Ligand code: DC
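First, one chain by itself in structure tokens, the form predicted on its own.
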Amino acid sequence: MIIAIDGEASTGKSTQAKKIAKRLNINYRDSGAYYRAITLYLKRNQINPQETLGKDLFSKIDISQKFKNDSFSIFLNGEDVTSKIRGHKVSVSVSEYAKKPEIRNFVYNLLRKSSKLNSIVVDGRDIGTVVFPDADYKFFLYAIPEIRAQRRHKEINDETVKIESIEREIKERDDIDSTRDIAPLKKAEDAYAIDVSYLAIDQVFEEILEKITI
């Protein structure tokens, strides 16, 4: 079984996917975390988004994810970068890197490999449209930018970063994600859409869960 949860930035996709994975006792993969880890690696190595990335570069990148006991971790070449990939510098850069086709194909392969032998729930922006177009269940979460900015501000937990700047960056990211040539952000025709602007986490969870039949 494959469950795809797509949606806009900071709509709680990862939170819901993890809750579903725990409830159904299936594997969980955060596609955005893969892109963030790659972005972290490229920024550390001073590789800008305009550069062409060869296969030799990707052979130097080893990424793995772990979800156990309600805890998610991601490792970049053996280093736990779970907190580092959520930093502000990565957040404002990830969309520019993530739109590169060679990076997207690299992540697609990682995700599809994860689904070969096990049921899985995956969150992202093109899971139900590109990565797993035949997923058993598809959901699309969306919310107004102001609410998403408030949520991201709490996640960053840095008072020097203003909510207004986060909201501006979210809108810019929405524009980049929805207008890129490769796998743009959009709702799959057969996805169930949920406006999470004024819903509590558990309310969204129950709405998703009632659509899934085991």
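We number the residues from 1 along the sequence you see. The shown structure was predicted, so the numbers you read here are calculated from the model rather than taken from an experiment.
In what follows, reference is made to the form predicted in complex with the ligand, a form of this protein that is not presented.
Each of G32, D126 and R173 places at least one heavy atom within 4.5 Å of the ligand in the predicted bound form.
For the residues K43, R151, R180, K186, the 4.5 Å heavy atom test against the ligand in the predicted bound form is passed only by R180. With the ligand left out of view, the stretch that reaches within 4.5 Å of it through heavy atoms in the predicted bound form is, among 72 to 80, 140 to 148, 126 to 134, 112 to 120, 126 to 134. Taking non-hydrogen atoms only, H88 never approaches the ligand to within 4.5 angstroms in the predicted bound form.
Interface residues of 77 to 99, taken as those with a heavy atom within 4.5 Å of the ligand in the predicted bound form (partner not displayed): R86, V94, S95, A98, in sequence order.
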